[in-house]
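What follows is a single chain, given as structure tokens, in the form predicted alone.
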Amino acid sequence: MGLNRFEYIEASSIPEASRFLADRPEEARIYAGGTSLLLLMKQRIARPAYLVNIKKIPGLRYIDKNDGTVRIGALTTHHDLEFSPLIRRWLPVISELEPEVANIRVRSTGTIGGNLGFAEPLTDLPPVLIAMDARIKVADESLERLLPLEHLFRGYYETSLRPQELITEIQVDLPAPFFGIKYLRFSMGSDKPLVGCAVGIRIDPESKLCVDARCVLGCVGPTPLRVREAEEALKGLPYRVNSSAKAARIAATACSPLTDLRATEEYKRAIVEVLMRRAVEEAFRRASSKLQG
């Protein structure tokens, strides 16, 4: 099935792209990497009349660190993250997950801003970034604002961005001392994960108790799901099998997976429970290992 007819626009600046999007809020779509958008266009699910290519806007592809924050430009690719020495040193969980993202073609062309802004539910990066309290910088013709990434997603392929806004940067603060994070995914012969689970644990170095937790699920609902009840179940406790099992049961109950061609709702909930339990265990282990480091 071919693409619908559309007009291709190349923007040379953020204000230029923003003006065009503002004038055609229902007809125009941003083209950054295009890996997900073009697939939906081929399936005639998405039918934009205009594609606004932002890939030639200068200054949006970078990875740097300053003032305790890693900053990632929106046009940075998955491949860039995978092989970045800075990411490997300061945010190694991202280096771990990136080789599992889709395939080499997608990682070479797909951008991080495009991945987040498209709000595809079956993707790996958002749960990890939310578990690290990431923020995004968005801009239009005249204004910039910071938004917690957790607040970006509204539904299937739906975000809280205004029609004229573009994601320009992702910000991740360096992990706190004695913080460990683990991401686990499960797939069934597909580039896309069936279930994703990110857990971050911060422990007190004296008591070795969990003082903060982040439990985030992906691919089992219209948006990434932060399971706050599971987080509360871990706080104030040392690592124990029964505490990780309790958090896992909470997560399996809290999510809303759909039965589809790949798996039933019940199967996906069972996978959530297994992944959450294992991710909690490994996040605790990583946090504890820093006591000797």
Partner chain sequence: MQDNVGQSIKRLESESKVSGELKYLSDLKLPGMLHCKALRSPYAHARIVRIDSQRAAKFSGVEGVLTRDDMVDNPHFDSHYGPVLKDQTVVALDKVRYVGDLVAAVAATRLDIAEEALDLIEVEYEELGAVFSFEEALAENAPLLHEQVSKPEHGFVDLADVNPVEGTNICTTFHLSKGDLEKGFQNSDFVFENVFTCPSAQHAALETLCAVARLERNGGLTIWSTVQNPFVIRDQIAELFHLPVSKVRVIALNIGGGYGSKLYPKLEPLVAALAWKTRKPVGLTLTREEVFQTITKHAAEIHLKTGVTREGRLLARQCRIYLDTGAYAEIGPRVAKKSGYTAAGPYNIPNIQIDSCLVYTNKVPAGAFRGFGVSQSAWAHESEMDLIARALQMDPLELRQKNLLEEGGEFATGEHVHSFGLRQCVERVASALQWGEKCPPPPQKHLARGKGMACLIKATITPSISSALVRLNEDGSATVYVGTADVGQGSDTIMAQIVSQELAIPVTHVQVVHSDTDLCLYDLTTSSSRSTFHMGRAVQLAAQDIRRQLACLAGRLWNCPVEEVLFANQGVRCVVNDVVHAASYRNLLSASFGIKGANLVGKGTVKTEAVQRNGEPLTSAFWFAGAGAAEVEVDRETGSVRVVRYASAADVGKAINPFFCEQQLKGGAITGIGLALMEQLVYQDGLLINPNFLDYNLARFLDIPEEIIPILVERAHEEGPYGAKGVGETALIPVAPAIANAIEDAVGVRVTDLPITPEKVLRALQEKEQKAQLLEGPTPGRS
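Please read these numbers as outputs of a predicted model, since none were measured by experiment. Numbering follows the first chain given and starts at 1.
Missing here is the form predicted together with its partner chain; even so, the following discussion is about that form.
Here the chain stands by itself, but in the predicted complex one stretch of 39-47, 220-228, 242-250, 63-71, 39-47, has heavy atoms within 4.5 Å of its partner chain. Think of it this way: in the predicted complex, its partner chain has a heavy atom of just one of Phe186, Tyr157, Trp90, Phe179 within 4.5 Å, and the residue is Phe186. The shortest heavy atom separation between Ile271 and its partner chain in the predicted complex is within 4.5 Å. Although the partner is absent from this view, Thr264 contacts its partner chain in the predicted complex, with a non-hydrogen atom inside 4.5 angstroms.
A residue is said to contact a partner when one of its heavy atoms sits within 4.5 Å of a partner heavy atom; Lys192 meets this definition for its partner chain in the predicted complex. Although the partner is absent from this view, Arg278 contacts its partner chain in the predicted complex, with a non-hydrogen atom inside 4.5 angstroms. Counting a residue when any of its non-hydrogen atoms is within 4.5 Å of its partner chain in the predicted complex, the one hit in 5-20 is Arg5.
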